[in-house]
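Form predicted alone, single chain, as structure tokens, below.
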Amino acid sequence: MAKEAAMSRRLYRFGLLTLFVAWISAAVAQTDPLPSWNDGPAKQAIIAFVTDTTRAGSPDFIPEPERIATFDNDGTLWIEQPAYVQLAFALDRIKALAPQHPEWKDEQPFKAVLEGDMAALAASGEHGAVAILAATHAGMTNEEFRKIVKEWLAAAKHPRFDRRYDELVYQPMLEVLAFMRANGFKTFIVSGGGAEFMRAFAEERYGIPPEQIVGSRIVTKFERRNGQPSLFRLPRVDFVDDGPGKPVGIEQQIGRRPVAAFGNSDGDLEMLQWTTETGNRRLGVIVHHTDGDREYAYDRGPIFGGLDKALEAAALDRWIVVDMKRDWKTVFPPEKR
């Protein structure tokens, strides 16, 4: 009888301990703002920056109106290999429109696109890029363009992962966006991609509204079509929001200097420098693609998303370099079943 009582007490204590451990684990999970990040210097630095700059009385406190955080899109918030998603859209659009343009079979750069000749496409240079831009991004209103982009995103799939492109966003970065917004930061996309292209999906995928997207633009004019006012897209480049253009775009559209910037390539170098080289507490983060199994491994040399000068500058300016393979528990959100 005594043995049974002792056993019951041990089982009771074990049950309590199990429940306590489970409760602690759940509590930790609930209080961890970045659960898809492995614990390490990168995660700790991001949390520390947000904590220190939002705590009243902190020497690094930043007033809420000044809490501006900018994020590159391609390679920082979603996948950019084996080619930029917007380029994949443009090439697919050429193929979809080809039956209406039989002359394209013999005209460059359309012939190169239809035959999959990327060398010939590259050789077409700026002239080819403008021709593809005119055929796929212009000659319509902004509303018509965004509708086409949404329809393409709903059907197109990545060649390697066989998932929709807008599902191949980075789960750890979605958590950073949510964490910063929960602490009074306003999050902006500042990307070399087209502003209207990103406005077709960014609010749904990232929680970033259209007015908080800074991107490249083509010339747009006001006109009345069928008696209705509209904004019509013309086949001419208005502004390229990449490299040194990013700080310019930030100043023109946001009007405040960011206190945090996230990028992944040399195209983000000037944005990171503009953000962090102020003498005050600032955060610069580079996503380094090091995981060839779960995503892609690249830095110096690729056609898209090359990281060379910015990687060297990270050491000088003390930016956080996120090692995708080491720092991220997962890369993409789970597939919806």
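In this text, residue numbers run from 1 along the sequence as written. The model shown is predicted, which means the values in this text are computed figures rather than measured ones.
One more form of this protein exists, namely the form predicted together with another copy of the chain; it is left out here, but the text below deals with it.
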**Message:** Is it true that S230, P247 and E251, all three, sit within 4.5 Å of another copy of the chain in the predicted bound form, judged by heavy atoms?
**Reply:** yes
Fill in: 4.5 angstroms heavy atom contact with another copy of the chain in the predicted bound form for G255
yes
Practice task
Answer with yes or no whether Q81 is in contact with another copy of the chain in the predicted bound form, where contact means some heavy atom within 4.5 Å.
Solution key: no
**Asked** Does any heavy atom of E211 come within 4.5 Å of a heavy atom of another copy of the chain in the predicted bound form?
**Response** yes
Report yes if any heavy atom of F188 sits within 4.5 Å of a heavy atom of another copy of the chain in the predicted bound form; otherwise report no. yes
From Q108, Q171, N183, T220: within 4.5 Å of another copy of the chain in the predicted bound form by heavy atoms is T220
Residue within 4.5 Å of another copy of the chain in the predicted bound form by heavy atom, from D117, D92, E167, E203, is E203
Here the chain appears without its partner; judged in the predicted bound form, the stretch of 122 to 130, 149 to 157, 211 to 219, 83 to 91 with heavy atoms within 4.5 Å of another copy of the chain is 211 to 219
Taking another copy of the chain in the predicted bound form and a 4.5 Å non-hydrogen atom cutoff, the residues of 265 to 281 making contact are E270, Q273, W274, E277
